[in-house]
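Heads up, the chain below is alone and in the form predicted on its own; it's given as structure tokens.
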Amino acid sequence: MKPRQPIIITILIVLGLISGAFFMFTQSSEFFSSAIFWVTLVLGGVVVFINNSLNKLIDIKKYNMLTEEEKEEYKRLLKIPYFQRLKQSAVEKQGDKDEKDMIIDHGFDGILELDNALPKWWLGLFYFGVAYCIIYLTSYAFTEFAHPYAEYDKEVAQANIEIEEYWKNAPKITIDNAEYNPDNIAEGKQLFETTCVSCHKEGGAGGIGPNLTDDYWINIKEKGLFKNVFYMVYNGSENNPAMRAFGKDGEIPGRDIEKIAAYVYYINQDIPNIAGGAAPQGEKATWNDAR
């Protein structure tokens, strides 16, 4: 007969299992403020105390059936701290007497088998793994816990909220702080194709609006090409009502105008004079930021 596990250890294990189960189902620590969690915890504690009381009754009955020598051995084991007993059970070797008591003789094949008891720490880990597996599979089947797609959608939604909050607080882009950045060309092209291509055609070749890939410009409001494009998209053209003030009217934010200006600067400087483009209009411009 060996001493049982202290009730405080059992309570801590039950607390860990219940907390782990609630976390898997709620996927946050907010369950600590839930009445259901605390009721479940109390019920779990009651079950532990009931089980402990029944075990004590069983142990008393077993103890009364022991010999005096066995009783003294049991008392000696009780004096050893629990974790020390746990360590000893993990590393202790069985004596010859213990092995003789465990021998199973198959009889017909002459093979002797030892019915060794598994270490308590191993059994504890095994039962914990079984309990965790049951909780995990149940939460996976009936909740969104551990579902990669659900987690991805949740993280993307949170990221979008953070991005939106960032742009709300980010400084607004105006003609004074706008800067050319090659990294904006790809997004600028997309914005150009959804907003400007109906007049300026694909690639800025020109149609209703002028060709944006040559050196001739109807409106020259700034000394630099990039700033001039930003100015025109923001303020519109005095010479052509079709070129309205997208920025001033609030249709396009300054950050997107910066990207459109980066794309127009790119097609004018890096791939100028597109084949089949419209005839030049306005006067030849010399920009201080041209390459």
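Residue numbers here begin at 1 and follow the sequence given. Because the structure is a prediction, the values reported are computed rather than measured.
Missing here is the form predicted together with heme C (HEC); even so, the following discussion is about that form.
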(request) Would you check, heavy atoms only and a 4.5 Å threshold, whether residue 89 touches heme C (HEC) in the predicted complex? (result) no
(message) Please determine whether residue 242 contacts heme C (HEC) in the predicted complex, using a 4.5 Å cut-off between heavy atoms.
(response) yes
(message) At 4.5 Å between heavy atoms, is residue 204 in contact with heme C (HEC) in the predicted complex?
(response) no
(request) With heavy atoms only and a cut-off of 4.5 Å, decide whether residue 216 touches heme C (HEC) in the predicted complex. (result) yes
(message) At 4.5 Å by heavy atoms, is each residue in 209, 232 and 260 next to heme C (HEC) in the predicted complex?
(response) yes
(request) Considering heme C (HEC) in the predicted complex, find the one stretch among 53-61, 66-74, 31-39, 218-226 with heavy atoms no farther than 4.5 Å from it. (result) 218-226
(message) Please identify the residue among 195, 181, 143, 174 with any heavy atom within 4.5 Å of heme C (HEC) in the predicted complex.
(response) 195
(message) With the partner left out here, which residues of 166-183 have a non-hydrogen atom within 4.5 Å of heme C (HEC) in the predicted complex?
(response) none
